[in-house]
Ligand code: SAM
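Okay, here we've got a single chain as structure tokens, the form predicted on its own, with questions on binding and movement later.
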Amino acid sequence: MPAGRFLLSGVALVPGAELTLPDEIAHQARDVLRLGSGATLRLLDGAGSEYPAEIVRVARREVTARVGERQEGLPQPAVRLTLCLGLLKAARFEWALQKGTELGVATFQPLVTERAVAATEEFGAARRRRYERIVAEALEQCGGAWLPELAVPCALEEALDAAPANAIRVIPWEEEAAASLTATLRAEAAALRAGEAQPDIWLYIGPEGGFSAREVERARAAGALPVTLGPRILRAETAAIVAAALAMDALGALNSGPPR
């Protein structure tokens, strides 16, 4: 990760105040990066702001830094993307979280589906803390300033109903051969009234084994548009990142727009 970028989500960052860094961040600054008194680092609040901070004291058990003036971090992408992903084996789900954060996904919505290999019970407190740490580290590494939301797992039907009224909902499916994700999104965006804000994109990716035909029909009935990602069968975590990148690129969101 870029040297000295640390997320302090939920911690009040007050310019001019001295702050004792959390133990894990203190360890990284003192023992990994070897930062001493007078060195600078950047503290993130996860909501778009960054604060330069100067280390004023390094001790065996704590590191203290003085918080500088607030600066605007990298803006969110112009399009807000919610990635709804069927629960996967932990390592694959973690990879999708990491890469999705790097791309600028706004919300990760884990899905409980017919073919999900991971049970909801496995998404317990310890697992969630690990997932949150992976997302935080990815944010620090990629230069972003907005921490994605990691929602509570829910059924596909709930995730379909949760999308805003003007959202574009797409569901990649191996049985769909004609409608590409890129062409579908561009056509849907072009159909918006002049002057209307960019829509939210809700992207539904199945677990290992994909969605069942019954699930896709439920999604279609709820207004989701089945699309293809091409002729090859992709792993679920690969499909998630390919689809997210294509969706954001199709609407010009890979280059950051104004904060939302």
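We number the residues from 1 along the sequence you see. The structure presented is a predicted model; accordingly, all values stated were derived computationally and were not measured.
This protein has a second form, the form predicted in complex with the named molecule, left out of what is shown; the following refers to that one.
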With a 4.5 Å heavy atom cut-off to the named molecule in the predicted complex, the contacting stretch among 228-236, 25-33, 66-74, 48-56 is 228-236
Any non-hydrogen atom of Gly223 within 4.5 angstroms of the named molecule in the predicted complex | no
Can you check whether Ile205 is within 4.5 Å of the named molecule in the predicted complex, heavy atom basis?
-> yes
Gly38 near the named molecule in the predicted complex, any heavy atom under 4.5 Å?
-> no
Interface membership of Phe93, the named molecule in the predicted complex, 4.5 Å heavy atom rule = no
Can you name the residues of 151-186 that have a non-hydrogen atom within 4.5 angstroms of the named molecule in the predicted complex?
-> Pro172, Trp173, Glu174
